[in-house]
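Only one chain is included here, represented as structure tokens and corresponding to the form predicted on its own.
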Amino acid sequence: MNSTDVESAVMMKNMGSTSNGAPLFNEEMVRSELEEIVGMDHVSTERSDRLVYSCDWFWLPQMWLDRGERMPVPDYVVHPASPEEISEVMRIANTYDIPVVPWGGGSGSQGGALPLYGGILMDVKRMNEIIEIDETSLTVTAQAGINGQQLEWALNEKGLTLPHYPASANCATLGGYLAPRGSGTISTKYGKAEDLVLNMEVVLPNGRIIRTPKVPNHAAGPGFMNLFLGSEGTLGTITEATMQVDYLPETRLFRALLFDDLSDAIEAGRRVMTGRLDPTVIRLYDPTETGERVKKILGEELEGAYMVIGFDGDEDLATLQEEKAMAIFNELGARDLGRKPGEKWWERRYDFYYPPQNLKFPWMYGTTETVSTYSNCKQIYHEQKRAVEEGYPEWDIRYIAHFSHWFHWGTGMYSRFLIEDPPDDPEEAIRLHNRVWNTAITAVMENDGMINEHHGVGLKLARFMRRQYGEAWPFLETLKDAIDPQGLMNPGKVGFGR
């Protein structure tokens, strides 16, 4: 079904009809009800306004836009200012069976907030207040629509930091950190967004406003907050969160290393992590990305596997941790490149993802990242690389990867494919794009990796969810049906239908 067909079908399906085929409501009636809730200035049905929400950083909608295709647009764009207003919007949605898609900063790369079925697009960025900074418990409570960088600046004024630091911080929202279970640059030490959140306020599909327990680590029943982490707006709308913060570190120590062999570099990272040396970051580039992206962006012309490692906090402790890590690296044959290139990487770490250095049209590209245990990560890398590069010889696909988020038990691999001269025809391009994705993700699942580590599922990976979870998938569908029986919340995402 093309995007024009989708828009027509959505209007027919979601507006409903009487026995004689007449619509149950019309656009202006619903618009009037929405305006009564949020105000006339905060509802729009203008085509130009709706088009703004038809594209995120997923390659497919960008391709549709580039090729002049009809985009999936919402019927209404609504800007609520409180959880109570969202609750009332949900009452209208339930009355008329209208889909609702929560929207934060629009920086997602998975098509997770595209309004595939039209309906109400609920942009929460008016909900951008910091409610409390608790300097005793080291927490911050803020509304979910606050911009991540603005929140960080406010904390920095008090000598504090929210240690998440995703590349999307300049445009992402707090709710956008949590909804897909995102990772930031320094997650290796401080954890992912889901590890930093203590409690959340959520508006359920039926409009009820709930709050999870004050702290997540307790024995007072199940930790149901985790239902909403990773649900990407399919089970409700996150409206507020309390997050752990830290003091800004006394020192940050970075240095770069070069390994002749990628396997030795992965083993070095594994030993650092299993030895509990607590690095702030380990960023390891495979030889291809070292030779291409590291050279282009950092100006380092090297052959091998390039690693940046960092430690932070108390200067004496960070120095000791670094010394112990360097003993591991020396044992495995690493070449110490010194502090200067490591510090340059820290200063320019986001340049990999923003113009003019980011992957962009006219190329076809995809980030096929995964996470696995140390027992499987090397095999996943080699099998995925082989499958992608050898599976489509007519397209000369380049495969690059780096290992960016490290755990005591395993690591996340940020792998990407790149085709510099893809098909011009949109349908042919979609078919090739999906075939390469099928090949890449199949290689991951057949070697016991997860289909994603931190970008989320969205539309891009939705078709793999049933296979990923196997016999457990019907259980997740049961939860979705119980919480959202009308299928209103962000339909078509995370593997759930409409």
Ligand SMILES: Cc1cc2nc3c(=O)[nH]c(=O)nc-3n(C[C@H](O)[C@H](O)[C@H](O)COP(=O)(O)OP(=O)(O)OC[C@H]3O[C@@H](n4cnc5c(N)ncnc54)[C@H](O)[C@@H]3O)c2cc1C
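This one's a predicted model, so the numbers in the text were calculated from it and none came from an experiment. Each residue number is its position in the shown sequence, starting from 1.
Separately, the form predicted together with the named molecule exists; it is not shown, and the next lines address it.
For the options Pro115, Pro163, Pro83, Pro102, the residue carrying a heavy atom within 4.5 angstroms of the named molecule in the predicted complex is Pro102. For the options Ser183, Thr242, Ser415, Thr411, the one in contact with the named molecule in the predicted complex, meaning a heavy atom within 4.5 Å, is Ser183. Every residue in the set Ala172, Ala179 and Tyr353 has a non-hydrogen atom no more than 4.5 Å from the named molecule in the predicted complex. Only one of 73-81, 293-301, 232-240, 205-213 lies within 4.5 Å of the named molecule in the predicted complex by heavy atoms, and it is 232-240. Contact check for Met364: every heavy atom lies farther than 4.5 Å from the named molecule in the predicted complex.
The named molecule in the predicted complex is approached by His455, whose closest heavy atom lies within 4.5 angstroms of it. Though the partner is left out of this view, Pro279 does not reach within 4.5 Å of the named molecule in the predicted complex, counting heavy atoms only. The closest heavy atom approach of Gly313 to the named molecule in the predicted complex falls outside 4.5 Å. Contacts with the named molecule in the predicted complex, taken as any heavy atom within 4.5 Å, map within 143-169 to Ala144, Pro166, Ala167, Ser168.
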